[in-house]
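Starting off, we have a lone chain in the form predicted alone, written out as structure tokens.
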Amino acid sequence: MNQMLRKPGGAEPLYQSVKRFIVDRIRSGDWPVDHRVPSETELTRDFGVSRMTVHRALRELSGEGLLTRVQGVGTFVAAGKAQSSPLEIRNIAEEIRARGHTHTSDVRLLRQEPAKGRAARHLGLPDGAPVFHSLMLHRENGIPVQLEERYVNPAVAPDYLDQDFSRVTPNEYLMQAVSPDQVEHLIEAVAPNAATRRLLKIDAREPCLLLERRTWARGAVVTWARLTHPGSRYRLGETFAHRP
């Protein structure tokens, strides 16, 4: 690996030289998708520049969608930001498989608890009423791309806690169990808290995209979900016909 490195030179800023080296390796095919790029320590040593210089180069390339940085694991060549439609109810597992990638997920929380605050208001339930609460971490090729926190109305989906969500996603189960007749989507950029950053393996400076979704069936709210995506790994987009 080190034989491929060359020190930056010329009039351009040092961090730009580091960026150019990495981009050249990616575009030449030397570093394919999911290739682990040299660490900050390795690049600092081989280029003879400061760690701050290397950190800026990697940070900017991550923001441009060329690299994916996974905290505690390393930096990898990105396949391009995953994209989801904000106008449809999509199953993230199907989205990932449609891209030819592997979906895995962890169940971090699955329980009944009293409804409180925003959860109670969004589900249209009184404070203290029973509600189902789940927390799922979804990965694409082993890299976290979505943290799914979901509250479910037990009266509408009473079997929710009995499902094996290692085999079927909550979205997939609910779409089969209760066909929604109304959907609300709200999208915003957020600064994730420490727990979210830890699960998504991102640093404190990375913003996230938050999609809040509520669905109704037969006049009752079925579920309120908060879907948090690392900004450097995900985007929301849609193409549609315009009728003047």
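By rigid core we mean the largest C-alpha set that fits within 1.5 Å across both forms. Numbering starts at 1 and runs along the sequence shown. From a predicted model like this one, the values you see are computed outputs, not experimental measurements.
Below: the form predicted in complex with the DNA, not depicted.
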**Message:** in the predicted complex, does R56 come within 4.5 Å of the DNA, counting heavy atoms only?
**Reply:** yes
**Asked** Hey, in the predicted complex, is P114 touching the DNA, heavy atoms inside 4.5 Å?
**Response** no
**Request:** Using the partner position in the predicted complex, report whether V73 sits within 4.5 Å of the DNA, counting heavy atoms only.
**Result:** yes
**Prompt:** Is the gap between T41 and the DNA in the predicted complex 4.5 Å or less for some heavy atom pair?
**Reply:** yes
**Prompt:** Taking the DNA in the predicted complex as the reference, which of M52, I187, V183, V33 has a non-hydrogen atom within 4.5 Å?
**Reply:** M52
**Interface stretch in the predicted complex with the DNA - options 209 to 217, 25 to 33, 196 to 204, 64 to 72, non-hydrogen atom within 4.5 Å** = 64 to 72
**Core-superposed comparison between the shown form and the other one, P207 Cα displacement 2 Å or beyond** = no
**Request:** Taking the rigid core as the superposition reference, indicate whether the CA of V18 shifts 2 angstroms or more between the shown form and the other one.
**Result:** yes
**R198: Cα shift of 2 Å or greater between the shown form and the other one (core-aligned)** = no
**Request:** Check P144 against E60 at the C-alpha atoms and report closer or farther in the predicted complex, compared with the shown form; the change is 3 Å or more.
**Result:** farther
**Prompt:** Looking in the predicted complex, are the Cα atoms of P38 and H101 closer together or farther apart than here, the change being 3 Å or more?
**Reply:** closer
